[in-house]
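In what follows, one protein chain appears twice in different forms, each by itself as structure tokens: structure 1 and structure 2.
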Structure 1
């Protein structure tokens, strides 16, 4: 099985300019004739623009109803190909397709359909508004899908949690020569340390205290080195275990430049133990220890969520001048994979730190099918920024958001911010601007 690249259409961004259709027809029939384009944009500015394009279906009806064997799905590329020598022009495929993805090219006298231009669709670069995207994330699956999954099946995460995805991908990438530390938090709660005397991983795993994770892991790594064995010593910790009670051992290991890889799964609180606030919990957020509308806040006001701003742990790690520091999000897996590669490589030389923002379905209170969307909104609003740092290159953004959405687009996606007053929202928006400016300044420093 392969996963496939696809052309995605965002109707909200389409202005109906038709440049995709021109590009397609020029590419396919050598003339700017939008009627012959295999991508068709319909609709209007008032009613919204609409798309007719082959979906390259997994279970294609056009293929099933072709009497001549002229249509077939290519297992490697995913493209449904049309064989002119077999086609009998019966048009039954156009009856089979419910998307208008294969239609009559009257001038040619045959049906025509999108063939993804052999992997470089001409329509996508022609789109000036970004309404069309060539989504190639499938290459990750094709590349790593057959690598060994080093977590046991059936991790006990909350419904909709992205951490299982993160754990499996990370361990698969890290490979079998790994020793894993998972301090108290959601990760062991989901089963990494296992049940009834068997672990949930297929690599050695241990369960340090919250306070000593980095110290223990550093010691274990040194012992392996002494024995002459090259292993990846890796921690997957929560934000509480890293930024609060575990911070001194983390900071110490980073300062000593221990050759370990420390990953923080930041769900902005102690979600595993009942959703208490951590130093990474953002201002205004509801948690079970920063409740809403109960008791009195410090200024004599009813309590309205957390009253302090979040600690920016990854920036603090930059100030340790680690071998590698980066932030990542499961909404951007290609970016995450690049950073995993770099962090693992850097951990052979010194301390590598990767901070992954991880929306918490249960603690942040959003529908279970929205995890990726919430993660994406965090980035699109600049609520979190994706960047990486090395001592040689300094800090640089890996995903610049030139036209950020207002932070309310992020806040309204979940229940923990539902109570916010306008003043609180203004505060958060101003912090987003300030944090971005701060990171930008660091990026400037790098260029000196």
Structure 2
């Protein structure tokens, strides 16, 4: 069974401007006539906006009710096509569609529907608010969906945690010729190293200390090389095990350019052992060791969360001139998969580092069904920037947000920032601007 690209609609972001309809009508009929657009936005700001658009259904009713066989689903693209030479203009398809995705174009005298513009829908880039998204991650499912899951079923992650999703995707991509290191943290805590003498993976896995993960992994890689066997030596570590007590071995392995792949799952704290702060915890965040309203903070005021800004570990790794350094997010799986491929390839030449931002439903205090939305908001506000670096090409953005949302859109999605004062929010927003400017400067230098 195949998956297909689609157009997703976020009604909460839609302002009813109609620019998507204008773009569609210009593309399809050569005129700005929204009545002839194949995408229609209805409703109002008070009642909410609704989308009328062909969803390219897996089991399309319009195809089933068409007596002339004028409609058919393309098995390669997933698009439901309309054949004018067969259509008898009975309009039964418009009755069969539950989404108002196919309708009569009165001026043309026949039905019209979305055909995805040959894979580049004009309506999506025309939307100024991001209410429309062209979701193309179906290619990942089609490519690797049949590959073996190299983690055992039944890992014990928290409800709504996307770290298990990340682990399973990563190891499926890495393949069976992998040796895995998972230092103390959420990854082994949910069972990657197994329970009661049974392993949690289908590849060799070991459980190093927080302090020596990269050193042990480098030694294992070298021993396999002595035996004449090529393996991917890979670590999946938390931010605490990488940015704090594990940093000395991480930095040493990068400096020696060891041929290993080190991936950090950054949930911005020691979430597996009670939600303590790490050096990657953002300024102002509540944790169990940076509480709110307990004790005395600066100037005799009650404590208001972490008082230091987060360490930017990926940029520190850039300064090691690693073979490959990148940031990623599980909200953007295509970007993540591209970077997994590059990191795996780079690890055959030297040290590869991938830093993946992974929201924690428990420690960050948000509903378990909002993980991907929180991850997406981090990128849309530039709180998290997605980029990659190689010594040859320098640093470049892989998903540049030139019109970011205010950082409050991200902060308000989580309970750990609920206490913030206006001054603290201003500080965070200024740091977002400052960090973005710094990364842009590095990217600009790379172009010179």
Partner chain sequence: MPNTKYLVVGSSHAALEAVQAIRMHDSEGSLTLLTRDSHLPYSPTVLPYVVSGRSAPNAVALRDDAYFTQHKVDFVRGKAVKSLHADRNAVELDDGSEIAYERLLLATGASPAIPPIEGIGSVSYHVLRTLDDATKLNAAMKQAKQAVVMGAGLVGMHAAENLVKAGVPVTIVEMAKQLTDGYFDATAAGLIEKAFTDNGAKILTGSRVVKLAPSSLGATLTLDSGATLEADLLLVATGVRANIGFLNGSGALVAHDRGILVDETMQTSAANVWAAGDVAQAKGFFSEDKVMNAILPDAAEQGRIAGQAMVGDPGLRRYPGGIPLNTYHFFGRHAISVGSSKVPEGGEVFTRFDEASGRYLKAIFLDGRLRGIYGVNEFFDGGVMCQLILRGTDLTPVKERFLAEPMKVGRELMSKLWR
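Residue numbers count along the first chain shown, from 1. Given the structure is predicted, the values throughout are model-derived calculations rather than measurements. In this text, the rigid core denotes the largest set of C-alpha atoms whose superposition between the two forms falls within 1.5 Å.
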_Identity of the form predicted alone among structures 1 and 2_ = 2
_After superposing the rigid core, is the C-alpha displacement of residue 202 2 Å or more between structures 1 and 2?_
no
_Would residue 440 count as moving between structures 1 and 2, using a Cα shift of 2 angstroms or more after superposing the core as the test?_
no
*Shift of residue 342 between structures 1 and 2 at or above 2 Å (CA, core fit)*: no
*In Å, how far apart are the CA positions of residue 36 between structures 1 and 2 with the rigid core superposed?*
6.0
*Can you read me the CA shift for residue 84 between structures 1 and 2, rigid core superposed, in Å?*
8.4
